[in-house]
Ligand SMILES: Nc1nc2c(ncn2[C@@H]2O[C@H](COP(=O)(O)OP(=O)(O)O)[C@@H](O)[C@H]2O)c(=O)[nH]1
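Encoded as structure tokens, the following chain is the form predicted alone, with no partner shown.
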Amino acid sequence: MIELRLNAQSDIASVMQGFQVGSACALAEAPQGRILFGSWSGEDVVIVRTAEYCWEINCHGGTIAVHRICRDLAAAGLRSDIQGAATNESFPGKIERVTNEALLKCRTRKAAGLVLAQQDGRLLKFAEDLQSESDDRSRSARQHMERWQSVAQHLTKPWRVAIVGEPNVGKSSLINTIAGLQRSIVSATPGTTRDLVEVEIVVRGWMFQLIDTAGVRTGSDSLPEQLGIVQSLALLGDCDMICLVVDASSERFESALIDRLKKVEVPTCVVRNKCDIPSEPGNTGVPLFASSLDSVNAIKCIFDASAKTGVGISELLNWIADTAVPEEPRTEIALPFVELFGVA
């Protein structure tokens, strides 16, 4: 809601020239309390005369549309007050609140620096671009939001990376090597990891959450393990990236994983762990998982790695960072927070 107070000399029709009357009554003739329907530069609005020189303007386009009307009024030399039905919060005030709250949640110096940079007025300019009457300007703003909204969301929360695979392929060992601590449980007993274990790391100044999952296998007679497997498969559609860990020294492979991966569209890499261990006697040299992987469109690359020696770990981390942030945001870029602009 916008409250507009005029002086006695103001011509209401010229002041509100952006308002196209849809009601039978003209603006200048409207009595106090009369509701007038119409539009303001294409935005449906309701205007009510609340006092002799005071008008109330209501619209349904959110804070961005309200600010746009206020900008038009300011161009006419008038000052208007933006009031929210519940919060009395202006859009510039909301920007300050949202960025301040985000700053408190930042976990890295890079994220904090990017949030601080958003307080220089660029988000207000971006809001105007979104609501611009110029198709090129508004289209460019929408494309910008689609490109950078994920980065804006992850300034305050980590990307979720699911580490999945059969039992004993080295998922927990791989996470321990990356994190540099014994957070996950490592055991040769199938079904040891039954609950999701989360470990947070920083790569290139961005936060990532590695999620260790229960090994997927058929034929388990343990109810807790079966529940863990169900949880692992369900996670694949609720994460940002997937690392499918396989045993490079073995031919065995669980087809249930491939069946599930075919149904998700999450960027996936394959980690051939234990590449430092010789193949098992009698192996053909062509693991069973090799041909199966061709049917999973989400798989982007394959790495040879060793949780024991550290081989391939840096390549894996580079893939994770590149997948999350293909292009590093410049310091002058506007990052569209969901709390301000919604989801693109």
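Start at 1 and count along the sequence shown; that's the residue number. What you see is a predicted model, and the numbers here were worked out from it, not measured in a lab.
Omitted from view is the form predicted together with this ligand, to which the following refers.
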| request: Using heavy atoms only and a 4.5 Å cut-off, determine which of 304, 56, 44, 276 is in contact with this ligand in the predicted bound form. | output: 276
| request: Tell me the stretch among 46-54, 304-312, 66-74, 26-34 that has any heavy atom within 4.5 angstroms of this ligand in the predicted bound form. | output: 304-312
| said: Is it the case that residue 129, even though its partner is missing from this view, gets within 4.5 Å of this ligand in the predicted bound form, heavy atoms only? | reply: no
| message | Against this ligand in the predicted bound form, would residue 170 count as a contact residue? Criterion: heavy atoms within 4.5 Å. | response | yes
